[in-house]
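Form predicted alone, single chain, as structure tokens, below.
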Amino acid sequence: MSEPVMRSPLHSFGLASQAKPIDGSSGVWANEIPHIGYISLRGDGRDQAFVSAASKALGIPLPIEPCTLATSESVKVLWLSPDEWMIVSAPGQANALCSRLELALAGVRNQVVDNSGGYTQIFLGGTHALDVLRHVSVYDFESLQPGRVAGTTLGKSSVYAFRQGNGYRLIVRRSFADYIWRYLVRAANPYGLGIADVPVDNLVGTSTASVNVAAG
């Protein structure tokens, strides 16, 4: 029997073979960042026992201010609502992080679910990235400051968006990834689109090496 192969939802676009370092040749740069972990954490943000236990397991304070995110070398924690957070973890770390959370939160009302197979992430950068976002969404992305996260519509779908480095990150549902990618490509066409080789420090961690993020 053949072994199962993990495929990103955008693997058919062949982005890995097109990726190159960002330069001045294109006004917009984009790529998928696949195979990152996504964990749904539910609990009462007013319960200090829950907040303390979750923060200890994550290694960073759980963000309780609306529409904020917290970042460490290996995770990002996005506030989605007063009782829900999305934890974005380094590749291959979601299972261990779920176990840590479940152990720390034993006896506290909570829900921890690994949703890694249900999401992917798109990097969008370049001098005209903001223009593209203005074309595809009603949200005022110009007002989205570092350290903030926005849940909004993009075309006929929805995304969670935040800024990182000199670009934007769009977390999208796997089932809508093809649609959103094509929508972004069409909006970027007037400015020239390049497929970016995104540095590792722009994934979750903070190293400075580069990686061809669209493989597999």
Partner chain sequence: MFVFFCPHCGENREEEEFGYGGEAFIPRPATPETLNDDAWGDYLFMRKNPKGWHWEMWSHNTGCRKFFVVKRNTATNAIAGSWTLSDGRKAYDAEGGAT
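Numbering follows the first chain given and starts at 1. Computed from a predicted model, the values in this text were never measured in an experiment.
This protein has a second form, the form predicted together with the partner chain, left out of what is shown; the following refers to that one.
At 4.5 Å between heavy atoms, is A96 in contact with the partner chain in the model of the complex?
Close contact is absent here: in the model of the complex, A96 is far from the partner chain, nothing within 4.5 Å, heavy atoms only.
Is there any non-hydrogen atom of S158 lying within 4.5 Å of the partner chain in the model of the complex?
Residue-level check for S158: yes, a contact with the partner chain.
My question is simply whether S52 lines the interface with the partner chain in the model of the complex - judged by any non-hydrogen atom within 4.5 Å.
S52 lies outside the contact set for the partner chain.
Using heavy atoms and a 4.5 Å limit, would one call A104 a contact residue for the partner chain in the model of the complex?
Looking in the model of the complex, residue contacts with the partner chain do not include A104, since no heavy atom lies within 4.5 Å.
Per-stretch contact check against the partner chain in the model of the complex, the hit in 22-30, 148-156, 162-170, 52-60 (non-hydrogen atom, 4.5 angstroms)
Only one stretch passes the 4.5 Å heavy-atom test: 148-156.
Sequence-ordered residues of 61-99 touching the partner chain in the model of the complex, heavy atom within 4.5 Å:
Sequence-ordered list: P66, C67, W79, L80, S81, P82, D83, E84.
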